[in-house]
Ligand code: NDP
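Encoded as structure tokens, the following chain is the form predicted alone, with no partner shown.
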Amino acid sequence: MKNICLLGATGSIGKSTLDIIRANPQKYCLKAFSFYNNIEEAKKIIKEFSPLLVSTPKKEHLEVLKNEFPNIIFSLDINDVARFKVSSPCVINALVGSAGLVPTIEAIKAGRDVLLANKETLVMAGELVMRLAKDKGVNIIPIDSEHSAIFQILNDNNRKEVKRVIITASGGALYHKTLDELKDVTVEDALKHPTWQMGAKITIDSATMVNKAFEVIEAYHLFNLKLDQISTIIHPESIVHSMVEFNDHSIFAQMGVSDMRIPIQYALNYPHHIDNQVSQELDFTKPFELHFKPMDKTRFKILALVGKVISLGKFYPVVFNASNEKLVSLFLEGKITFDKIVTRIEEEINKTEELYGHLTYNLENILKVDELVKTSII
């Protein structure tokens, strides 16, 4: 029995995780979870799974829940979930944004493996996080579909024989629009992802291709690759989730339906593939086609910028992530046009050395730069 501590239970990844727990009560038990704002959904989770600890940063939610569920421990500190003391703990980080970084670090410090969906952890502090995980002897197991695909293909074998990894991208909701047309994109347009059901922030990241740039940074750290060993291509069907090419030019692809419950279940049972009771099979009795197109880095300029971000390191990825978070929020609020997201990210990246180059690279300053960037963008 794995006792699960779930960070971000009411989001899309959190809900997929709960589906797996629900279908496998003999294997998994939800012991602790966090949520941000959806108190009604949190109440449903408490009633169904009877966790021991629940965390929310909102005091008003805390008081309501304490009155309704007096036998449960409640906390304002999300890190209490990451380091909650249970036997056979498994921490799943399904948070969105920079809020996921410190809980990941706290889980690692507590000696727990982390099943990681939070992209920002490795984008902001990949070098620091992977070094700490190695020092503590814990695993960072990806549950992004793309990195899970690479992880499954490698499965700790043949790492030295890898020529490159090929990360696929659907193209997002706006793939067919020109650069000139992007300034007229509405929030509703940008949220119409063609193949995945995701939260608003990650759906916008998919449309700008920032999501794919983040995945390049994640792969760089997760698999200890060089930048020229990571490539991206457009694959609109989202059936091939990533590929690995070896030195002899053999290419292995991981395929499946677009369902995040598949990589989550694999991560929970790594290195084994067990019966999946919640996801559909890829149906080969019906014809379908797979298309692959080169990534246009003029159209998706952020993928040309990510090489600079990785090469310069230190606070460049922090600025990249923080500026994106703030600008996506401004777009969703109707305060900037869609085309300004990437152009203003580039502007912020270009100021990194001048503004933050004097700082020592450590967790305290990573969090400081993250906050400074977000407060400076209006």
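When you see a residue number, it is the position in the sequence shown, counting from 1. If you're wondering where the values come from, they're calculated on a predicted model, not measured in any experiment.
What follows is about the form predicted in complex with the ligand, which we do not show.
Annotated contact segment (heavy atom within 4.5 Å of the ligand in the predicted complex): 87-95, selected among 274-282, 238-246, 127-135, 87-95.
Only one of 329, 38, 350, 50 comes within 4.5 Å of the ligand in the predicted complex through a heavy atom, and that residue is 38. This chain appears without its partner; in the predicted complex, the one residue of 198, 173, 216, 141 with a heavy atom within 4.5 Å of the ligand is 198.
Proximity of residue 190 to the ligand in the predicted complex: non-hydrogen atoms within 4.5 Å are absent; the residue sits far from the partner. Interface residue remark: residue 12 is counted as part of the site for the ligand in the predicted complex, having a heavy atom within 4.5 Å. When contacts are judged by a 4.5 Å heavy atom cut-off, residue 182 does not count as touching the ligand in the predicted complex.
Residue contact with the ligand in the predicted complex: residue 57 places a heavy atom within 4.5 Å of it. Although the ligand is not shown here, in the predicted complex the stretch 116-143 places heavy atoms of 117, 118, 119, 120 within 4.5 Å of it, in sequence order.
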